[in-house]
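What follows is one chain in structure tokens, specifically the form predicted alone.
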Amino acid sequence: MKKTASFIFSPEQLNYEFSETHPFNQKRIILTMDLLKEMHSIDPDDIVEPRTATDEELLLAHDAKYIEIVKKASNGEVSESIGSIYGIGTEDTPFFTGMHDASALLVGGTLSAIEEVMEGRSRYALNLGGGLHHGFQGKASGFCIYNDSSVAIKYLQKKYGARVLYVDTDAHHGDGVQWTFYDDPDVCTFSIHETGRYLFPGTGNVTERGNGKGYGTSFNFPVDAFTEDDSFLHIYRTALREVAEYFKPDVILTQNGADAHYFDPLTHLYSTMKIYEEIPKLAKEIAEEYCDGRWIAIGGGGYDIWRVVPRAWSHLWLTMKSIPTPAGPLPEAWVKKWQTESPFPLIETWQDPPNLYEPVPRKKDIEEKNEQMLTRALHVIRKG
């Protein structure tokens, strides 16, 4: 009997750890799972253990030489000078013991999620350990060693012959995925993110529309710094509906970074928990309308692991399970358990408190600028 949704998880996903002080902290997966368990919304039968991606699968999106270097670096056999050529051993993406195995497991988790859906075992699947969208064919970047999304999309094409719509709502542009499929007409990349004028990786302009046969299948929506909920959601809803109707995908893969929130320490957007309630709802609607429900969701950025990520990522699972958006307080046991570890007072309610931040002086200008950007970004669709 087909399950409604599969939750891909094993404790080994936490082995992807650069250091105790690095902002990329997979403990957020445990915090999210524990919140869902306290809500009694996830059962043992929902959990599927991830497999490790094989070298052959990694080669779908990565160079053999690069994989070899990552393996050697896992055992301390690569110098910083050599590693830096491949984007590892850097301040952003430092060496750590076992980095190949840990990275290949995260990729395998996304492949496991794909197999759950495409083999008909589950309608939807969630792998919070994935979403490493900055990895390139032969180079790590931005905390990302292997790019599970790029491998997964290639896998969907090779094994299932699928047209894939990749939707990225991380505050950082999904550059590694975009460039991998920039000339591929059967993969549509959609990224709404903070403008690269202020934020890594500095790409994702509206003029990046694809190349050759892939022209018109790359869509970028770079919102201005200090963008708030209403403008963000207006762009997301308008653009995703128009892009889906234009591209007509067979399957949707969504990357769900939770770093557009006001509390996130690495970005400059002013979103609240409102966007994380709405983002998965529309993704699910689009999947039902165009893909017979085939929706795979993965994690991504999110660096306030205490106040933001567990609540934001819980909405992905709750949406998949058709559990109504919760309101009011979080489970008291969860707050009590984790407050002792959190460096901040936890938000004790599902919604953010009112007046989370001071009013943005440029609110009207930002909204007008974002609207102009939206018109430019959708020009390829609307002109014809």
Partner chain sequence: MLVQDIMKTDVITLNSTHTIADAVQMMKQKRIRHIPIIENDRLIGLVTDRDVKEASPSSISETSEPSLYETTLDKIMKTDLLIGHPRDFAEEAALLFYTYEIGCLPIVSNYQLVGILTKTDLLYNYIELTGANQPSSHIQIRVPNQAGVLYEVTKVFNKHNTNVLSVLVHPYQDDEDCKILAVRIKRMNPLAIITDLKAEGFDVLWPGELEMDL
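Positions refer to the first chain, counted from 1. None of the values given here were measured: they were computed from a predicted structure.
Quick note: we don't show the form predicted in complex with the partner chain, though the next part is all about it.
Here is the short version: of F96, Y160, Y290, F200, the single residue with a heavy atom within 4.5 Å of the partner chain in the predicted bound form is F200.
For the candidate set D92, D250, E285, E278, a heavy atom within 4.5 Å of the partner chain in the predicted bound form is found for exactly one residue, namely D92.
Using a 4.5 angstroms limit between non-hydrogen atoms, Y246 is distant from the partner chain in the predicted bound form. Contact annotation: G76 falls outside 4.5 Å of the partner chain in the predicted bound form, judged by heavy atom distances. Contact check for D168: every heavy atom lies farther than 4.5 Å from the partner chain in the predicted bound form.
Although the partner is absent from this view, K364 stays clear of the partner chain in the predicted bound form, with no non-hydrogen atom inside 4.5 angstroms. By the 4.5 Å heavy atom rule, the three marked residues E80, G196 and P265 all count as contacting the partner chain in the predicted bound form.
Note that among 104-112, 231-239, 67-75, 136-144, the stretch whose heavy atoms approach the partner chain to within 4.5 Å in the predicted bound form is 136-144. Taking the partner chain as it sits in the predicted bound form, the stretch 273-308 comes within 4.5 angstroms of it through a non-hydrogen atom at just one residue, Y303.
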